[in-house]
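What follows is a pair of forms of the same protein chain, given separately as structure tokens and numbered structure 1 and structure 2.
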Structure 1
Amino acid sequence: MTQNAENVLDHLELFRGPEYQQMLANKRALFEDPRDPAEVERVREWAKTPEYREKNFAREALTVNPAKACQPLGAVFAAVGFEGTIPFVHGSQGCVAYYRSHFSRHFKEPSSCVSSSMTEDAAVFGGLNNMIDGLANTYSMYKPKMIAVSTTCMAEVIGDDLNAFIKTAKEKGSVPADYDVPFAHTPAFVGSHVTGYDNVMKGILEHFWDGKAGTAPKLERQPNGKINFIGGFDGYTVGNLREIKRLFGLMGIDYTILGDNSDVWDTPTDGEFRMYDGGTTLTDAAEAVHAKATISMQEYCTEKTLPLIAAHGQEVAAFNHPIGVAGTDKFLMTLARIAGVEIPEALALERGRLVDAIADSSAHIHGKKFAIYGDPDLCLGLAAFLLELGAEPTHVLATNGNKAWAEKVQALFDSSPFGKNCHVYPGKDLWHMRSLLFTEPVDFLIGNTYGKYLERDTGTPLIRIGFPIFDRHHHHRYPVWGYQGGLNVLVWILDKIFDEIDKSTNVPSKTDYSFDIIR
């Protein structure tokens, strides 16, 4: 018997005991009708070959291990960034259970969201009654300041009309007539989670700025000096938005963050559960129309939102999740130009410190090859940073990246000698990436938690940057934006590089000579 009370063994060790090993071997041999081990080995090796890669890349219908989620997830992400707002997802209820679980696993935080719980009868007759009852219940129970409605694919397929439904629900008294219920159609079969973010952000701004679905006068823009900031769908939203606020503060810029979920996903354990915390106030969301300009940190999260804002007369500027020196320089200089302020000396010092850190460490990164996957903007930000570290972003892959994105990545490669042998893969998945890592190996892989399967199969060390990160804790509390954020990313990359060097030089009387105490 392996188990004992003094030193309780769980799954990490329990099943390695001889009784379990024998049991599992018997199970396999007698009952599983297993494949011939030689055949398994043959296919395993074959799956590493260029021939397999060719067949793998010839796929037209099957997606395996995609690095993207569906629109409604992004919808919920955007909605909880507003003060006292509960996302209300119209459609099947299981979806909402999934979004809540997904966010809770990443942020290690509660994630409140309701569903209109449509079932078979709603599929036949439409979900109007679900909307009427649902809004009334949510309003009574959770006393939100705003209910942001989005959809699942079920409601989209049957063609439910949110505008009409919400109007009817208000007429039936579910919520007061002047209560804020912005909405956005977010079909799961179009785009990805970044599209859902975009649609809801646009829906909320449209609601406040353009007459609340015909129930209020449109706001007339009276330009002021404020700057709006939109972060986009971002696994580091907690750390990043706090860093952005610090930067705006240092620069003395009057700002509004649209969709500030940095507090609701970082609430304290102090005896109180805060269903709502922080967020863009509804007043600020409305008054954001008067701002001088809006800055989007992620172009592909705001493809529809920014044109809406521009149409209201504001200057808009979009970045691609800038990470590192040049990206942050451009971001801050654009910001300073638009706001008409000087960049303070404090930030020049921070910049210098990041450059200093890169100078100290770049010898360990220079020339290393990286594979990156993630959302389109994140990939661009990371690839740009690697190039300025003298590394090569050899494979850059975004399942939700399109042709325009690929051209942008290519242009980035072309801008640096280190981008010469690098390739971009729009619309591909992590099974494609597996073939890439086998046939064109790299030194390190950057991606989310699912990358651990690639690390295991291909032996490429994984640096966890992206969303979701389920199996490491608290990284979302650190910024990756700004010079400070660049420093964090630099350290994460370096830590992995040094760990790998130590791991490959730690055999006594064999590799002692490189197991250095100073690096």
Structure 2
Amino acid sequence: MTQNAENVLDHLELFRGPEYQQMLANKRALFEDPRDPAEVERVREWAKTPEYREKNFAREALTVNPAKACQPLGAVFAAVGFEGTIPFVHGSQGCVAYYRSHFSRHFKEPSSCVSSSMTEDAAVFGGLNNMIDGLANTYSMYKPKMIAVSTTCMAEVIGDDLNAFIKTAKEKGSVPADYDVPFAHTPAFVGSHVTGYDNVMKGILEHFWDGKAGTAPKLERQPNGKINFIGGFDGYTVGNLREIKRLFGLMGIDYTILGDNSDVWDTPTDGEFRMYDGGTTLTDAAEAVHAKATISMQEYCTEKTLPLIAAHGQEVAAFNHPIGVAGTDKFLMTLARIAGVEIPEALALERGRLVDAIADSSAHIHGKKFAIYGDPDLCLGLAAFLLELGAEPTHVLATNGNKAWAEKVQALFDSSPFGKNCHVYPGKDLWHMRSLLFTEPVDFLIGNTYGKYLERDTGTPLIRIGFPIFDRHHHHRYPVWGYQGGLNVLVWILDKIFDEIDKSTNVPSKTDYSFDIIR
């Protein structure tokens, strides 16, 4: 069982050794209360049936493997997009460890975030002292330009008042009286990570625009020609925001990205550790109130933020994670109209190249059936692109999707002949998806890393698109927005299709009559 320093085995091989196999067999026999294998197999097969699906979809008091995360995860995502900002989560250390590890495993970068380290005593008596000490330590040790405060379940259940706590902490000298500490309540037991993103983005803009919690005069809007852009909670933020900047540059538009985390999660290895890198400057965040308009790339990530912005006199426009030709067309035409500019010929050429690529590959995608799960906006963007390709998004599921979202997806289905036999499932989880894949099989599944268990269980090939992607590297560096982003998604889909064709045609003299060099 010990390793040999001259030949260190990877865990893939190590745990297949006879010593480990015997150890695992003993564990199953002695400690896992094993059942008759025949009975286990009978139940397994029954759980694939329409009868089981009916019972599965009837459950109300249980969620199994939801395709969402909690609010504070989105809160941290929003906060790190601002210059020199450290997210401060009022709650337990274990929660913050989850947020940091989640982002680090997806982006392959260190993710900085601090906790007020609430424990049992704070749960009984309140977390004021944790806030006082935590803000003081954070300010002293990490030298941030801003501390963005959010909450976890513990702080929300006992009713801690962030506004009052922060004011008290300032009075006690934890941070200077004029230091920026925006906040948002982000209870993890309601909503999802997209809700948390929305709450913190709104809280930061409210802080700068509406008088910094009563400590400064409200800003008076003096309209200019700039355009604000909000990307929302997006696993491709590194590639997408850089693509958006390129598009704005090609169109000659003066802009501000609100929540620009494209650099902090893509820092170079050059001998210097960057706890903070890039981000929207605090000056730009404040002056964004003067912009002509604000564009949100994800409607359901900004349901509270956009009304706040509109109330300050700006035009607002929201999209649903547009992917492909039509989605990018609509985004660019809206952007051009608001900014009063023309769409340059360079982008028309990019559009033509994407259309050409789709035409080149349409025979391989047309008529294929897909199941999609993920965040509401991403599901809408992917479903629209699949319909554009002549494919059928047969099952579209969002655990954090609501009735209004479902109606929007259904309207999308109704707009295309390929949506005739497609169905939308708001508020459902991945155990529901399992029943769908067994009772109404599709050709491919699109979702995040957690879909690999569905792939193994149901045999449905998984195309990894979404958040988080833990078991593949560097996808986040590629855009999925813009015409170039649409081409990337097209290639990912096609690669999986061709991989599956090769896998099913590789037996010599039996199936290899279609094991072709050219596809």
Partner chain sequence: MSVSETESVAEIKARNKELINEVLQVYPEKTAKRRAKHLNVHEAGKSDCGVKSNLKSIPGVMTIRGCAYAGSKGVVWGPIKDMIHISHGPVGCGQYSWAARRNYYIGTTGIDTFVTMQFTSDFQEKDIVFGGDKKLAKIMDEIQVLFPLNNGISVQSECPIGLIGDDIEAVSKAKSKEYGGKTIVPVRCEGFRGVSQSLGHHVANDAIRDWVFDKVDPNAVAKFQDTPYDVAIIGDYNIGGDAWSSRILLEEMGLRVIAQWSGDGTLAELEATPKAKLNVLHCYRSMNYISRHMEEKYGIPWCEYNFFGPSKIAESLRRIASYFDDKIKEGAERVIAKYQALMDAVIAKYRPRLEGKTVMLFVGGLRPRHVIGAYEDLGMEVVGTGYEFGHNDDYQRTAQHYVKDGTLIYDDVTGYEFEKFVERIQPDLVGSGIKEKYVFQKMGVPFRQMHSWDYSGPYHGYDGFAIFARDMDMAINAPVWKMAHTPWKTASKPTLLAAE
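Start at 1 and count along the sequence of structure 1; that gives the residue numbers used here. Not measured: the values here are computed from a predicted model. Under this definition, the rigid core comprises the largest set of C-alpha atoms superposing within 1.5 Å between the forms.
Here the form predicted alone appears as structure 2, and structure 1 shows the other form of the same chain. A rotation of 19° separates the smaller rigid part from the larger between structure 1 and structure 2 once C-alpha atoms are superposed.
Fit the two forms on the rigid core and the C-alpha of residue 26 turns out 6.3 Å off between structure 1 and structure 2.
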